[in-house]
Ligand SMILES: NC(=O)c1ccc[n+]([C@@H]2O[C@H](COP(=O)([O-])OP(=O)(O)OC[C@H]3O[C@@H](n4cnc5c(N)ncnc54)[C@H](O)[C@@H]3O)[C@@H](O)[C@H]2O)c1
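Before any questions on binding or motion, here is one chain by itself as structure tokens, the form predicted alone.
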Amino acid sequence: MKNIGIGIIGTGERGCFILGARFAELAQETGFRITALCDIVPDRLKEAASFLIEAYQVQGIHITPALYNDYNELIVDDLVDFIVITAHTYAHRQITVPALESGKYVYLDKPISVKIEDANEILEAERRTGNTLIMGFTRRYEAAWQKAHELLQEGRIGDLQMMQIRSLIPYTRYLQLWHRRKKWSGGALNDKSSHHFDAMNWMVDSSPVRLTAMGGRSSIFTPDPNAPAYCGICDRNCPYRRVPVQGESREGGHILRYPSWSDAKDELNRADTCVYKPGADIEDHALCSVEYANGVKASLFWAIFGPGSDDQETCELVGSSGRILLTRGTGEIEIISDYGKSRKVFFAGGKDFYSSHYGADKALIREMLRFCTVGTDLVASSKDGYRSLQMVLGAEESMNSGAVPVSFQDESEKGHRVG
């Protein structure tokens, strides 16, 4: 097997400790070797290099990645075949366009961008160069979601009529990391529910034509000008305190073991900003209803607050002759078919269920290998990223206007090649 050089731009939690770790774990199987790393925070870059070198050593492989503070230098590195972009969302366009222009393989982590204008520039770069990127919407790579999609396509519940995603995951981290400001992340709805809207589009297999939303910011995280700036200097009794933890964790406490996160002075790079610190401008809950061109109706019930508990996300598909209920945290699917005559509950999470994102990240890396070697049709493309962002921005527009419906025109279809 020929080795494939990976260059990661953005060595934070996603780029280093999740995807980077999976690249190392699957290195013997895939031939992926991390040959270059880039980050604008020098100490974070060094921490990532040390972590990844050790992770590869566990597999009996030695790597010596080049370290860059300028992404342009990584892009032109001859030892980089595949550019993996996990930088802050606001920087996606400025990195992705030259990456596509290089002619190398490109992966872009979700969301596609903060602004629709940036998403359009990414799509235009694909059209201009003929180089197509692969996107990372993890629901499409999770075995249980893939099985639900398969059952739907097989007609096991008849024709799809309605769909609901319920996501009540207490991700207060969105108020504690760089996601707390829309100019950097596009907001929690963009970062988290870009997944949900994409999953809707995937399952429904049609274009959204109208969306209505209610939501905003709850009183739970009312700004407090007297609150300490971050958890590390706070002595309050707070249920949202972030502390360092060993190993990967859903709430990301493992990154606080590293000085570039725990000792950062600026909010953009801090990992434990107080949830009550003034300045955050993101939504923390929403109810969204979507109508599709094929007549299917879908809804999202979403919040990032609530009691700490296991994953509380479900997806329900209601067809003309049955129903599918997927529980993400258990990997179980309940299918009721044949007009209620048949009921079955089974585990569909797959062999990698206990890995990150319920096995999706390992599946994603295997998909990257297919993308590089056989040019397989994309599981998720830039067009999917565009549509998801379009829906996020439409939901925000509807919320801000008092739940006035928003209609869509899909500009991404114009001459755009996918796969």
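All values derive from a computational prediction rather than experimental measurement. A residue's number is simply how far along the shown sequence it sits, counting from 1.
Below, we turn to the form predicted in complex with the ligand, even though it does not appear here.
- Contact annotation: of the candidates A125, V209, A143, A91, the single residue with a non-hydrogen atom within 4.5 angstroms of the ligand in the predicted bound form is A91.
- In terms of contact with the ligand in the predicted bound form, the residue from Y71, F221, F82, Y258 that brings a heavy atom within 4.5 Å is Y71.
- Shown alone, this chain has one stretch from 331-339, 287-295, 107-115, 162-170 that lies within 4.5 Å of the ligand in the predicted bound form by heavy atoms: 107-115.
- At least one heavy atom of E13 is located within 4.5 Å of the ligand in the predicted bound form.
- Within 4.5 Å of some heavy atom of the ligand in the predicted bound form lies at least one heavy atom of V41.
- Among residues of the shown chain, G186 is not one whose heavy atoms approach the ligand to within 4.5 Å in the predicted bound form.
- With a 4.5 Å cutoff on heavy atoms, R180 does not count as touching the ligand in the predicted bound form; it lies far away.
- Counting a residue when any of its non-hydrogen atoms is within 4.5 Å of the ligand in the predicted bound form, the one hit in 351-366 is H357.
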